[in-house]
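Read the single chain below, which is given as structure tokens and is the form predicted on its own.
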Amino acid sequence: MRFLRKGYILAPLLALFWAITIAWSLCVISSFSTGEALKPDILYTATSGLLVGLVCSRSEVYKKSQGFIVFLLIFITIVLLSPITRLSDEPFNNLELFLNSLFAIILIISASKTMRDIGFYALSRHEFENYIIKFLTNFGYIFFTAIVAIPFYVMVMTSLKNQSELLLNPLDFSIDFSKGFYLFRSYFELFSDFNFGSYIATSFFVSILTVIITLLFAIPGAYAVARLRFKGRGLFSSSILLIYMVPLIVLALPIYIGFSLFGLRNSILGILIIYPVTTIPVALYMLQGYFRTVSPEIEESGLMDGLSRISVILKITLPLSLPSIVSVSLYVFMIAWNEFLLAFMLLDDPSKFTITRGVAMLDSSEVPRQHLMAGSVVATIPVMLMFLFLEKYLRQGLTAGSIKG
């Protein structure tokens, strides 16, 4: 690896990988937005990256008298190489010219910012590792953003299509905004023809009650583990999450048989019994860690002032633990809202479907695909909005119990 610790080797290699990353990113974004199949020419893209990296690693080219000329020459060279082309053999068009120009600008600017300080010759180990980490960090941002954003984008764009457009070109994710409100036809049909308003109301009702039931059991249980001394306390504390060692699919048949025998299958009551079973352990685990960070002296002061243990919990511990309780509530709500296996197994009556069970019902050859995608969007948006608004509480609650004191 020592040979890589030369600026004239490391800079072109990093610029090469960065050029390929930029080219693929532009191709994916443009293909989704225009409907045209685009791809980068790896040879020309790699050549562009090597050229830019080699030039940018030499800091003397950034003198004011030379900077613009060097930038212009590299820009023209990359555009003429045309690294981004269509899959078809049609003549070069304005879209490809625009993308190649954009590719050249992004590559030159990003390379000049991240690689202009790379010495042309030997690099120290610290400098070498710093440039590698910087590249991997930027690549990671793009890669993981793509993993999250692309499926959601495809889901939303597909929900705005009609059946003829999907059959004509299933991979065309561009949108014709001239249709106006007709774009949202599948969403209107979702609520008018498939009763999705009832599914949302049922899921919201079940999720809220699951949160309430979970907190009613988890708060006193977590407080007892964190504060009180009793026989078996250590074993109980360490075995809280053992339920997650058994896959839920293994328990599916016994749960189905048991709920059928007791008449709880195909009922909201049955769902409200089984959902907290899956959420109470994780809520106990999260809350006990936070309760341990609350200073015992504060509670002891309350006890000395004549408060009962319950009053101490209600008036002192819970207000101090509010961020953690909010984060646990949000986490439990998301689990209950997104739960599918139990709802699919226990619910058969469409009037009692949760949102996930309703979306599964749309996965049929008789239902157009845009309705399935619209249902998926409707199921995703509420939890996404809740997460965005309450993310700071979730972050605080998840990290609160990591440090004791």
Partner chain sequence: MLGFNNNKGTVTLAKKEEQLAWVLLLPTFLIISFIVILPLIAIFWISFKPISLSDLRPPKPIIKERLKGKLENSGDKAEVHYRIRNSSREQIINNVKFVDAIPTGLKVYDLDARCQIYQRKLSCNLGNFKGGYREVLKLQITSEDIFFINKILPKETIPKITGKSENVLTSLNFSLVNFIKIFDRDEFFQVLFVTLFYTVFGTLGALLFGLFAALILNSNFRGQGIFRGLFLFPYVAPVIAVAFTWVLLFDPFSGSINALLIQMQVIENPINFFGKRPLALIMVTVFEIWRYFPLSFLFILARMQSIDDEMYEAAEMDGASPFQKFWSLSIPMLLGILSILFLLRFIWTFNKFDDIFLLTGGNAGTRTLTVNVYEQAFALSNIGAGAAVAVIIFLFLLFFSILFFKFISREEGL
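Remember, it's a predicted structure, so these values are computed and weren't measured experimentally. Numbering follows the first chain given and starts at 1. Rigid core here is just the name for the largest C-alpha set that superposes within 1.5 Å across the two forms.
Beyond the structure shown, there is the form predicted in complex with the partner chain, which is absent from this document and is the topic of what follows.
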Is the partner chain close enough to 43, 102 and 177 in the model of the complex that each of the three has a heavy atom within 4.5 Å of it? no
Quick one: from 122, 298, 148, 73, grab the residue that has a heavy atom within 4.5 Å of the partner chain in the model of the complex. 148
Selected contact from 319, 254, 197, 306, since only one has a non-hydrogen atom within 4.5 angstroms of the partner chain in the model of the complex: 254
Among 184-192, 197-205, 238-246, 319-327, which stretch has residues with heavy atoms no more than 4.5 Å from the partner chain in the model of the complex? 238-246
The partner chain contact at residue 113 in the model of the complex, heavy atom, 4.5 Å: no
Any non-hydrogen atom of residue 50 within 4.5 angstroms of the partner chain in the model of the complex: no
Residue 267 near the partner chain in the model of the complex, any heavy atom under 4.5 Å? no
Is residue 383 one of the residues lying within 4.5 Å of the partner chain in the model of the complex, judged by heavy atom distances? yes
Could you list the residues in 352-374 that come within 4.5 Å of the partner chain in the model of the complex, counting only heavy atoms and keeping sequence order? 356, 359, 360, 363, 369, 372, 373
Any CA movement of 2 Å or more for residue 165 between this form and the one not shown, core superposed? no
Superposing on the rigid core, do we see a C-alpha displacement of 2 Å or more at residue 135 between this form and the one not shown? yes
